[in-house]
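Below: one protein chain in two forms, given as structure tokens, structure 1 then structure 2.
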Structure 1
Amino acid sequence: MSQTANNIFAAVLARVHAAVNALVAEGALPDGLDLSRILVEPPREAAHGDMAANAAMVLAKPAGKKPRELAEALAAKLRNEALIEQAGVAGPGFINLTLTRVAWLDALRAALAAGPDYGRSDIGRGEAVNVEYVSANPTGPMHVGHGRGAVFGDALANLLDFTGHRVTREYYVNDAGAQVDVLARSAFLRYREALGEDIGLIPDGLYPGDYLKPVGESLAQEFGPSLKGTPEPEWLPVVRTRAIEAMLAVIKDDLAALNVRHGLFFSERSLADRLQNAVEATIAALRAKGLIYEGRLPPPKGQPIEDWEDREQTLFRATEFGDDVDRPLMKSDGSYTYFASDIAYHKSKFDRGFRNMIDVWGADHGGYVKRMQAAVKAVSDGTAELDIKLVQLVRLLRGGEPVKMSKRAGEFVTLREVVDEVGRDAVRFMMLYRKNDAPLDFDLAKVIEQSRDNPVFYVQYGHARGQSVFRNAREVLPELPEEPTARADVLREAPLDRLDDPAELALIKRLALYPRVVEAAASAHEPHRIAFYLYELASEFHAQYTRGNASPHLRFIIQNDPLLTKARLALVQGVVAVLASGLALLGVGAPEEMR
């Protein structure tokens, strides 16, 4: 599918480029102008027409022309285009374009022809992108904050896939650090408990959650009392492996409940084990580039650190790449820092061919962004791009009141509890109905409310309502197929010129915006734009539906006029298809009916 058949804005932009090239051919403009900054966008003011082009203002300086004169010359060319009804010059040199009614009706027809591919784009040009998200430590069930990152990453991956990228969805399993040893000790305690021992309170520093009890029980079943008498170095690796496995299973289950998928679970431990110690190799490679040295760091300012010892350590020259200080790679006990293995991990992404990487992190890791980006620049010699999306914290509310979570470790509301209570669709939509870097209030009472206040319901209801219209339309158009593609094919033949209500035309224009929104959301890595667009589309659709109450001649189904009905159903089909497409990008269901 070519872009311009799919995207009327791209089609008009192509005409603007043609007009510029025509002026170049005539000698009125110099050759070699940069056209990339030319945009065709919907103007804020409807009075300015359907689209506005900034070409004259962008080209005026390099061409040595006055913007308004250039705009006039371009407008004259554009007036000859079949798509374009009017082309005027306004303000500092905008070219305001009004498209013909036929052009808009054709856009709807093209959308119906594209079916589920409407909005698909090839801006990614098949490029490989690695999206890493969730990457929660395998030490317990996921909490709500993890859920936001999970949904964000999953939707972003969907978007990139839809826009022509080759997407790998990845989860980095931190199964090598000290925290999984803590997990093992915690599980060992539960193991002793399962054998009948009274373990009392879980000591500070260990994971107290009940979710480890089943791990203890299965250890007791597998080993009986045989582990009890052995020293820690003997049982720990065994218990650790079992516990990590069990926690990963819990996490995968939580992710499945949210409909979040990954293509690859990448084990940190495998960097040391299977890849011939990739961490060492990575450090050696950086050392060869002169980016590693032994040196001292100044103590951090502000809060003094109790046990600060000024010592010489192995440092990465992060400052060479825009970080504030150089970063240590070895702990005082001689083992690698988390950062060191994270460099190796990102190098492995690079080695696997990724020049585009996206990491989705919680906002509490914000202090880590610069050094990671510095590391990616270093291992890739500046050829790879790492975008790090921070998702802000989620505040759980119920009816406006914060949900009480005990400070005592272990008592928190898990993601799973929230999903089970309000449903996967509500969780996903609400978490995407906010920019990733804005904090999110998640109200458990509100998201199950059936009202306009609740965008999840409102958008899903838009889809269900459209489906309901089709069910009711059988009386007037009994031959209309139920299967969406077949139905769209039939409706594409409808006499669309019967759509003459201004609101109907406005809806068509809204539908024509969809491919543009998809591209913008994908290239900005901002899935929330899809959610907002869907809300607006649903709102406009509901409004038109409701107008039919007071003005029966505006209803979609007109008993004695099958042709008009067919034309209006074509519009409904467009709305339903785009709602379904957008909801699918967000990973939210598009229901046939609301219950």
Structure 2
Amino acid sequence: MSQTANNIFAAVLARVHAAVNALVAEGALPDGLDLSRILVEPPREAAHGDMAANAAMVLAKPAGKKPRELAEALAAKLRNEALIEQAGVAGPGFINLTLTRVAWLDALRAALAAGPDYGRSDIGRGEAVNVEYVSANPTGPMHVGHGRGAVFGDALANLLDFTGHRVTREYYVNDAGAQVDVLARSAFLRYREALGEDIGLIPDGLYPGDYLKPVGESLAQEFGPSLKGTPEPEWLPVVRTRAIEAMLAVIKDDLAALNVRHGLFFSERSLADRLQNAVEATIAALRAKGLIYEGRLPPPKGQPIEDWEDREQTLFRATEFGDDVDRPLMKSDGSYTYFASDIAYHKSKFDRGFRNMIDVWGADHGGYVKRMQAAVKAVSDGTAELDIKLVQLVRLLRGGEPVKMSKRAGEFVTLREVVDEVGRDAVRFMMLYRKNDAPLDFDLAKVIEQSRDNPVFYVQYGHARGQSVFRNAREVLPELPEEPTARADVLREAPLDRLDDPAELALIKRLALYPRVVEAAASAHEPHRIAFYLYELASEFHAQYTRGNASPHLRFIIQNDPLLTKARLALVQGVVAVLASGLALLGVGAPEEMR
């Protein structure tokens, strides 16, 4: 099924394009107009109709026409389209469209015919996209903040896949640098403890959590006391490797509990081990382009710059690509900066064929965004794009009170503890029920409430309620198939013209909005739009169900009218299918029943 066939907004946009082309053919408009900026959207006010088109506003100047005059000409063409009941012009040149009732009923039939593919599109055209998310240092179990980035990145990857992109889900393993040496020393302390030594209090600067005890015990089993008497330069690389492997196993297990899985784990240490040092090779390539020089940075004005030093150093010309200052690539001790490694890492993404890259970072990395985007422009000669999504902090509460630290982690509440307490679905939905760059209060008590105030319950209950309608409907329609696709095939042949209640038509219009919401969410890299939409759809469905309790003639099942029952069940089928589809994009389950 084509994208236009199951997306009524795309169908109307095609009609607007056709109207423009008709005016071009008549000589009323010049040839070669750029139609890509034309949008067909829901109007801000429902009184203005079903859709609004900006065609006249964006084409008037290149066409040499007055916007309102052009809008009137386009509206005249659009009034001849079978699916358009009214086409009017408002303000400086917006075209307001009202669709026929038949057009909306056909949209419901198209949704039922598309089944699980309803909302799927090919706007990505097979483009390769690299989504890098989580990338927590392998120094301990994941905390709730990591979980938000994990859920966001995973849902975004789902969305991009659903809209025709070729998605690689990547985890950048920060297994180089001082933090993994601290991990190794902390694990070595637990190794000594496992051998029976009283280690006392964990010294400042080492990781204090109990999660390293199993690592120490494993080291004791593998090596016995042999490491204990060797100097640090000998045991450090051995313990570091074992500790990183153990922590990555813990992280992968935590992610799996959240239903997050990556296709690729990319090691930072490998950059220095392959291709005779990829960092050096990347810097050499930038130097050949004239983008590396030796110089001094001026003292920072206003906000301090954390990597400013008053000395001659190796600098990247980041300001040529939109950054505020040029950036150092070498530390005073001659080692590379983290930024240098990050440039090489993103160069590796570019070399692997990615022209579209998305990084999901914690909010504390906000000051790093401009320089990294500058670096990607530099290594790709402007042919690659990096979108960085910052994920704000999560404040963990229980009944409005802050949650205490974890005994296991020593410094924070682990993600796994939260998932084990409230369940994967609650964690994933609530992490996405707010825009990624807004702080999130996650209340462990509220996310398990069975009320409208708990969005994940309310949406899942909408799906379960729809399934209960089908179970009850078999008293009137015993032949109704249980399998969703077969059921949808039967119900789309129902007499949908019997759906004449205004709230039923409003619910159909909400369903018809889904493909557009999916495309917009994927294009903007904003999966929270799906969560918001699902809550609105569930709210309308619950409201219609409740109206049937008060007014029996509005119920979905009418005992003495099987044809009307079929028509209303077609609407219910559309609701449960879209709820299931949207929940799947968010990585959340769609239960058949809830107790």
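In this text the structure is predicted, and so the values were computed from the model without any measurement. The term rigid core refers to the most C-alpha atoms you can superpose between the two forms while keeping them within 1.5 Å. Numbering for residues begins at 1 and runs along the sequence of structure 1.
- Looking at both structures, it is structure 1 that matches the form predicted together with the RNA.
- Relative to the superposed rigid core, the position of the CA of P116 differs between the two structures by less than 2 Å.
- With the core held fixed, E536 shows a CA shift below 2 Å between the two structures.
- Once both forms are fitted on their core, the CA shift for L569 between the two structures remains under 2 Å.
- In the core-aligned comparison between the two structures, the Cα atom of M57 sits 2.5 Å away from its counterpart.
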